[in-house]
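Here you get one chain, nothing else, as structure tokens; it is the form predicted on its own.
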């Protein structure tokens, strides 16, 4: 059975991109990364893609007058590369309703909180300030509202005494690197699907708890 072709959209260092690259190197993983696109020419993640032998492209949003023009260029590159699914991995551009609708059910993102809590930016600092005892990350479908699409999977981590934002971010990032490939695999295999505003699992996935985990110490 042919593997699904994935595009990963980045803006920075690409640590979650690397997790997806590592997962795709497993012959049993149902996807291959066909293209990496950055909206920032100097994004370090482009070097990761190059080292892995993956096609990479820069589409600088500053070169376009409107979001729609920028997204049209994105779509052209995705179509040329025959992409099936898109993974946002630290992609720091808000996508329009039109783009999200065109890729509905095939466009996913990872966010460093247990959504719907702490949407947006500066998440780790805000969690520390709020005094939460449980943090984590979420993989979700992208919708017209930022960080609000249907949830595919989550992983939880404790907020420990003495944590600062950087320490908490590092602990969450470890879980992100596990969660993102796991959720992508479920999506491609049809074990987690978008249905309205929810993501029902097949019975075997629901029973296994494959995309959630308890807090660890």
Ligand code: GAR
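Numbering follows the first chain given and starts at 1. Everything quoted here is computed from the prediction, not taken from an experiment.
The protein also exists as the form predicted together with the named molecule; that form is not presented, and the subsequent description refers to it.
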Since the chain is shown here on its own, which stretch among 125 to 133, 97 to 105, 83 to 91, 69 to 77 would lie within 4.5 Å of the named molecule in the predicted complex, judged by heavy atoms?
83 to 91
Using 4.5 Å between non-hydrogen atoms, is residue 142 touching the named molecule in the predicted complex?
no
Contact with the named molecule in the predicted complex for residue 13, defined as at least one heavy atom pair within 4.5 Å: yes or no?
yes
Residue 54 near the named molecule in the predicted complex, any heavy atom under 4.5 Å?
no
My question is simply whether residue 173 lines the interface with the named molecule in the predicted complex - judged by any non-hydrogen atom within 4.5 Å.
yes
Residue by residue through 80 to 116, tell me which have a non-hydrogen atom within 4.5 angstroms of the named molecule in the predicted complex.
89, 90, 92, 109, 110, 111, 112
